[in-house]
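Here's a solo chain for you in C-alpha cells, the form predicted alone.
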C-alpha cells in the first residue's frame, strides 16, 4: 500500500526556495567567471579584437567611478578598479593553470590505469607498480619539480616540434612533473576501485571464453573506473591547487602572476584574496563537472539502496 505524501511545511518550502536561489546565484557567478575568462583568452589569441592585448575588458576608471557613486560600495571603489586593472595578467595565469591541470590529469590517468591493473592482477609487475606509487607519493611534489627542472634541466631537452607551444619551456617540465605525481595517486584510487569489483566476475569472464586480460578490460575496468570517480574528483581538485607549486620553477601560472603583481604593488592581501576566489571558482567547477560525469556514467540501479 503506497503511503501518502506528506505536504511540505512552510519552513521546508522556504528552505527549498533558498536553495534554489543559492544554486541560481552560483550558476550566474560561474557563468560570469568563465565568460570573462573565455572572452579574455579569445581576445588575446586573436590579437586584441575587442581591446588591446594586455588591457582589461572593462576600463578600471569606469568601474571605480561607478562604485564611487554607490554609498555602500564607495569605500571599495579604488580596490575594485585596481583588481580590474590586473585582470589581464590573472586571466593569462589562469589559462596556464587550466592547461597544466587538464593535460596532467589526462596523461596521468593513461599511466595510472595500467599501474593499477598490474598492482591488482600482476605478479612481478605488481612490485614495480608499488615501487613507483610509493616513491612518487612518498616524496614532496615540489622536490620532484626541483629535480626535474633544476637537477635534470629537462627544459633544455624539449623537442623543437613543441618548443613554441608555450612561452616558456618550463611549462612542459611542470606538466611532466604533475603527470608523474598524479599518476601515482590516481593509480591508488583506481586500485581500490578495482578491488571492490567481486572476484567472481573474473571467473565468470574466463568461463565464457575471455582471457584474463580481456576480462579485466571488458568486465572489471568498466565497473572499477565508475567506482573511482569520487576519488578521482579529489585528485582533480588537488591538482588544481597543487598547480600553484609550478610557480616555484618559474611557470607563469595563476599563483606566479599573482605573486608578481603583489611584489610590485605591495597589495598582498587584496591580490591573494582575489587569487583565492579564482582558485575556489576553478575547484567548484571541477567538482560540479565530475558530479555530472558520475551521473552520466552511473550503473543503473547502483546505490539505489542507499538513496532509499
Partner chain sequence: MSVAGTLALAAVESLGAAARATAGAPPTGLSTAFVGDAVDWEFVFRNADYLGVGALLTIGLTVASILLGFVVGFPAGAVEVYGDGYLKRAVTVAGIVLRGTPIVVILIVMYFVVGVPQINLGVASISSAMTAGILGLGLRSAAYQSQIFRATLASVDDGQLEAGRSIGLSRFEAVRYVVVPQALRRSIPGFQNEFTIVLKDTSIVFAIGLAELLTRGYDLFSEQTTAVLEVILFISAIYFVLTFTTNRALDRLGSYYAIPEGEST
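Positions refer to the first chain, counted from 1. Since the structure is predicted, the reported quantities are computational estimates derived from the model, not experimental observations.
The same protein also has a form predicted together with the partner chain, omitted here; what follows describes it.
Enquirer: So in the predicted bound form, are 45, 55 and 84 all sitting within 4.5 Å of the partner chain, heavy atoms only?
Expert: Not one of the three qualifies.
Enquirer: Verify the contact flag for residue 142: yes if a non-hydrogen atom of it lies within 4.5 Å of a non-hydrogen atom of the partner chain in the predicted bound form, no if not.
Expert: Yes, residue 142 lies within 4.5 Å of the partner chain in the predicted bound form.
Enquirer: So, residue 151 and the partner chain: in the predicted bound form, are they within 4.5 Å at any heavy atom pair?
Expert: The answer is yes: residue 151 has a heavy atom within 4.5 Å of the partner chain.
Enquirer: How about residue 121: is it within 4.5 Å of the partner chain in the predicted bound form, going by heavy atoms?
Expert: Judged by the heavy-atom cut-off of 4.5 Å, residue 121 is well away from the partner chain in the predicted bound form.
Enquirer: At the 4.5 Å heavy atom threshold, is residue 135 in contact with the partner chain in the predicted bound form?
Expert: Residue 135 belongs to the contact set for the partner chain.
Enquirer: Just one of 76 to 84, 101 to 109, 121 to 129, 234 to 242 has residues with a heavy atom within 4.5 Å of the partner chain in the predicted bound form, so point it out.
Expert: That would be stretch 234 to 242.
Enquirer: Sort through 70, 50, 29, 263 and report the residue having a heavy atom within 4.5 Å of the partner chain in the predicted bound form.
Expert: Flagged contact: 263.
Enquirer: So which bits of 252 to 272 sit within 4.5 Å of the partner chain in the predicted bound form, heavy atoms only?
Expert: Going through 252 to 272 in order - heavy atoms within 4.5 Å of the partner chain in the predicted bound form - the hits are 255, 256, 259, 260, 263, 268, 269, 272.
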